[in-house]
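Only one chain comes next, encoded as C-alpha cells, the form predicted alone.
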C-alpha cells in the first residue's frame, strides 16, 4: 500500500512505560488550512469475575497528506504491548495484553494530530477521468468484493442501470452518488455506525441506515461499475464550520467524542488519485436540521461532499472483513472504527462504551 508507515518505520523511544513519537515527524510543511487537536483514549476494562485476563486492539490514525500525527504518548498497566500493521490493509493498531489479575486493565493514549482541509478540484477530476488511464495494480484490490461489499447480483444490476451508456469514470461516480444520496436516509434506530452490509441493503430495498451502511452501499456500487472505492473509518474531532449536525465543541474547543465514530468514502480516478467523498453526512444533515433533500442547504453540502472532506475528523483505516493481529476470538472482523477488546474469551460490545469502559475526548488547540 502507498502509505507512510509512521508508527512502524520510526523508532519508538520507551521511557518508563511512556512512549513518545520522535520529533522528526514535526518537520512536515504546514498550511494555513490546518487544524490541530489533542486526541485522548482512556480504557479501564473491568469484569465480574476476578481475576481475569484481557486483550485490546485500538485503531490508530493514518499518516497521510491530509492528516498528521505530531506527538504520540501512551502508558498503562499492561503486561505487553505492540504497535503493528500486521493485516491485509496495512492498518495501524495498538495492541495491549494483560495477564490474569485482580486489578482493572488500564491504558491511556494521547496524541496531537493536525488535519488539513481536503478537496480535489472537479476540473482536475474531469480532466483525468476523460483520459481513461489504467488503474494501478496497487489499487485494483479496491475493485474486489468482500463479505459486506458484494459486486455482483443486485448491486451489479443497479450499478449497470445507473451508469448505462456512460464511459467516463467521473460521470459514473456522479450518477451513483446522486442516486445514493437521494434514496438513502439516516435511521437513528440503527446501532452505532451500522454494519455496512451493502448486499443486504440492496436485497431488502430498505435504504435507511447510518454512515457505514450508506458509505458501504456507495462503495459497492462504485466497485461494481469499475471504479475503485473504499470506506475510511474514523472519528469526528470537533466543531464543523458547516453545521452543528456534523460536529460541535464547547467554547474551549473540547468535545466528548466517545460515540462520534464516522465512516467516509474515497474513490479512485487514475491520474487524479483518491478523491474524498461523504454521502452519509448528507442524510445526517437532513435528519438533524429537518431538511428535505431538495433544499438549497442540502444541495450545497451534497455538491461539496462529492469531492471533499471537512477535516474536523480523522481517519483510522479502510479495513473490511479482515483478521486482526494477534488473532482474536472474533474473525474476520467487519471493520475497525471502534476499539475491540476481549475479557476472558468474551468479546466486549464496542457499541457500548460505558460497559466496555472506554472514553475518547478531543480538544482543538
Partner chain sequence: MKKQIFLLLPLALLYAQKTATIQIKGMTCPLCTTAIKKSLKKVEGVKSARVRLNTKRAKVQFDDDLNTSILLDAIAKTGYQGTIISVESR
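Just so it is clear, the structure is predicted and the values come from calculations on it, not from any experiment. Numbering follows the first chain given and starts at 1.
Keep in mind that the form predicted together with its partner chain is missing from the display, and what follows is about it.
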query	finding
Partner proximity in the predicted bound form: residue 333 to its partner chain, non-hydrogen atom cutoff 4.5 Å	yes
Residue 195: touches its partner chain in the predicted bound form, heavy atom cutoff 4.5 angstroms	yes
Partner contact for residue 41 in the predicted bound form: its partner chain, 4.5 angstroms, heavy atom	no
Non-hydrogen atom contact residue 223 with its partner chain in the predicted bound form at 4.5 angstroms	no
One residue of 340, 305, 316, 313 in contact with its partner chain, assessed in the predicted bound form (non-hydrogen atom, 4.5 angstroms)	340
In the predicted bound form, segment of 323-331, 297-305, 58-66, 33-41 with a heavy atom within 4.5 Å of its partner chain	323-331
Contact set, 334-350 vs its partner chain in the predicted bound form - heavy atom within 4.5 angstroms	334, 340, 345, 346, 347, 348, 349, 350
